[in-house]
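Just the one chain here, laid out as structure tokens, in the form predicted on its own.
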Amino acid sequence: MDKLIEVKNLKKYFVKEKGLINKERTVIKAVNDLSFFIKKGETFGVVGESGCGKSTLARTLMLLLEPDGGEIIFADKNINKFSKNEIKELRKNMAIVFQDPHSSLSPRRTIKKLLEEPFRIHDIDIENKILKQRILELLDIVGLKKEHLYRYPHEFSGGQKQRIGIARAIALNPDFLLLDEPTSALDVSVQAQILNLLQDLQKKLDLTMLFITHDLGVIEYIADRIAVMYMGKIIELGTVDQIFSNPLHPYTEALLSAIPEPDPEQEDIKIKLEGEIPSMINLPEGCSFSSRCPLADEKCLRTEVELEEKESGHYSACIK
């Protein structure tokens, strides 16, 4: 098994200070001791509620945020220790597609200029004629046309803008593509088109992908393995079949029960979570899900459970 990325005990904390003289210092543990790996050529999904730390994980993996602990191993190298020049070189092999395609594209630049950016930033010496041909190839790959070359982002639909963002991300043939909620701002029909495009690109370009979303339907369709996040931690990890057919953590069960049942004759059973969502500033002593868990007992309130392999490749952080 070839691993492209291995994350070991990754931490990213944010410190908030309140007050002018006697400052009150609080720590938000947005990414709290995460460990996982991504195999070459697979799509690794990360799912969870808003505020669970998914986007912070994405930005930390890309070194857009500096980790506060742990290791990020990419292609057998610990990239945490990279210099600025090494990180710049790394950007050729690690690319990101953001959630909002509108805000990630400069409104003052044509599509041609936007797609030239990766080549200019990395000082890639290439003739203008060859560069233009490469840009036309990129447009074709993502389903856009030659006549789109000199238009501006505001002239495109949301789905087309996301195609442009994807074209820019794959311009330098990266090995790894991180997608942070890339379809959440799009209509359902357009979502399907973008997901199919990403699957085609993965096969053509031999991409390894990390796909972050809160949409379980999307993650079931595109991912090979899934990590379920809650309050900065991974609480369940397994293949798509394992997670959807045999969820082991009560939080995962609750998430899956929220998926609408398409058959009106089938009983749609929802698991309603009672209790309060804990604060990221003041996490409970034991299991962070204990305040909402229908199965919690005294042991759950005292014991913080780490991920444990319950069956081959299927991990859960629950004592049940």
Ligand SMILES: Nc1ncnc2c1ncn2[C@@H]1O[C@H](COP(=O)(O)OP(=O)(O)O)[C@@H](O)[C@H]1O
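Predicted model only: the values in this text are computed from it and were never measured. The first residue of the shown sequence is 1; numbering continues from there.
One more form of this protein, predicted in complex with the named molecule, exists but is not displayed; see below.
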Q) Taking heavy atoms only, is Leu61 within 4.5 angstroms of the named molecule in the predicted complex? A) no
Q. Is Cys52 close to the named molecule in the predicted complex, meaning a heavy atom pair under 4.5 Å apart or at it?
A. yes
Q: Flag Ser35 as yes or no: does it have a non-hydrogen atom within 4.5 angstroms of any non-hydrogen atom of the named molecule in the predicted complex?
A: no
Q. Is Thr56 close enough to touch the named molecule in the predicted complex, meaning at least one heavy atom pair within 4.5 Å?
A. yes
Q. Out of Cys293, Ile28, Ala254, Leu283, which one falls within 4.5 Å of the named molecule in the predicted complex, going by heavy atoms?
A. Ile28
